[in-house]
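Listed next as structure tokens is one chain, alone, in the form predicted alone.
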Amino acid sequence: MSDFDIVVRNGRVATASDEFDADVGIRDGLIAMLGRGLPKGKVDLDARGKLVLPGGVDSHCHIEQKSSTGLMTADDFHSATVSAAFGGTTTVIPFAAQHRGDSLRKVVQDYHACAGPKAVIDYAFHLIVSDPSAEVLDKELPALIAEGYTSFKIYMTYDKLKLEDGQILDVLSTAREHGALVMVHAENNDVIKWLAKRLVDGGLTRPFHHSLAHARIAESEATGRAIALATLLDVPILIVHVSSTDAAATIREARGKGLRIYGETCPQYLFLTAADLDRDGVQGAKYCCSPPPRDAASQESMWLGLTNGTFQVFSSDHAPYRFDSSGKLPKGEATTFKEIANGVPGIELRQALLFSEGVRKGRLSLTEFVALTSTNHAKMYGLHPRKGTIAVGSDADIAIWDPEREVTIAAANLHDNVGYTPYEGRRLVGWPETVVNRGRIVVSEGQLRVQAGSGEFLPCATPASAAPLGRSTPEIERMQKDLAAKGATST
């Protein structure tokens, strides 16, 4: 009887720090041994000429989530996780989204009820906090953080989601006290509303005008303001889906000062531009997301940010809405940019796009690719070293990539439930062919090999990325001193 359930043999293993030739022995869902010439497994996977990479971790995706306007995404937890798996991803971290008036506890229960019977790969949850009431801040959030929901997202835009600056400070204070990481959608809501009103009043309502309403300065101003609020409380934050040169520069500057500010960008900001929104009729709606794609210079800034320390993670921000009246086009051809559902699909293509255009074209090293698509996500959200690496004792989450395989993207060949892709017709080189999650072969020979509901929920540990530096602004120090003198509870 073999000592290994699976041996991945003859491949080139890559982690975020190293590349080496080795066999990978898998036992009881874990990586049990790395070495050359391992004994035959019950199943042998020959990876000769292939890359053996950690399964991807996609830490920003919207699955079976109702928008603030009541619109449900096209993908449920089955179609989204199947699509992710075919793209080489073995862990997703979508959002349990609170809408105003909701109990966070009830929201989490509802999302578990959706995910548990359907997911085919492993998953954790972020929280979306849109109603930071005293009950949420004092009771629900601390309890949920202790149970493994250690990250949550807040919005600075969208009327039904946005928080005022004082509310943001309340949420940041709770995160600091309980060791959670806050993700920030940074766009100035008033700037967007002001521009949008004038565009609509002037009859400028095509999808392209979405990119004008969501001006770069709305993103850069909100990014700077979010960093200032976080600095006041000395609490780390992650600025998500960064699209513009100025916003990236603001993050880079803050990091250069030693502030624990993190950044994320996404495929749409490397491979799409505002010109895509300027297509005939309402075709540009397929490319509408917030922030919107910018221009070629911004794309270059995003690529630079992936290598100079501005961005730690590369996520899909998969926000899938069908291109019909149930999704992107509630009023058909008459839909204005203000009515288009914001978001683009990308959960299956995230890694292949970055590999082909990054690794294959020399923009990224293979180890950088692994860090940006897997390892850093696991570290940032308290899942490392269980996830995000190939090491003895880690979960056996592995994607075997053919670095020479040529693929022409077509929506008909993808596994989501969206019906289109903004990357239609793009030619890629490099593709994951066999995907293993916790020692289970999930995808091989173009077929799904596992059942719905076989994925597992992952409680997240308190991430090291959430730890403050331990320094306060003079204003906070004086407030704490005065409150302590009066016997009150300090911030």
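Predicted model, so just to flag it, every value in this text is computed and none were measured. Numbers for residues come from their place in the sequence shown, where the first is 1.
The form predicted together with a small molecule exists for this protein as well; it is not shown, and the discussion that follows is about that form.
Requested in this report: Given that the partner is absent here, state which listed stretch (399 to 407, 347 to 355, 315 to 323, 102 to 110) has heavy atoms within 4.5 Å of the small molecule in the predicted complex.
Outcome: Heavy-atom contact with the partner occurs in 315 to 323.
**Report entry** Full three-residue contact with the small molecule in the predicted complex, heavy atom 4.5 Å, for H60, Y155 and G343
**Finding:** Looking in the predicted complex, the three residues H60, Y155 and G343 all sit within 4.5 Å of the small molecule (heavy atoms).
Query - Of K286, H241, K387, H126, the one that lies within 4.5 Å of the small molecule in the predicted complex (heavy atoms) - result: It is H241.
Query - Listed residue (R294, H185, K162, H415) with a non-hydrogen atom within 4.5 angstroms of the small molecule in the predicted complex - result: Of the candidates R294, H185, K162, H415, H185 is the one lying within 4.5 Å of the small molecule in the predicted complex.
Query raised in the report: With the cut-off set at 4.5 Å between non-hydrogen atoms, does Q299 touch the small molecule in the predicted complex?
Result: Taking the distances in the predicted complex, the answer for Q299 is no, it never comes within 4.5 Å of the small molecule.
Requested in this report: Determine whether any heavy atom of S290 comes within 4.5 Å of a heavy atom of the small molecule in the predicted complex, and answer yes or no.
Outcome: Result yes; S290 sits at the interface with the small molecule in the predicted complex.
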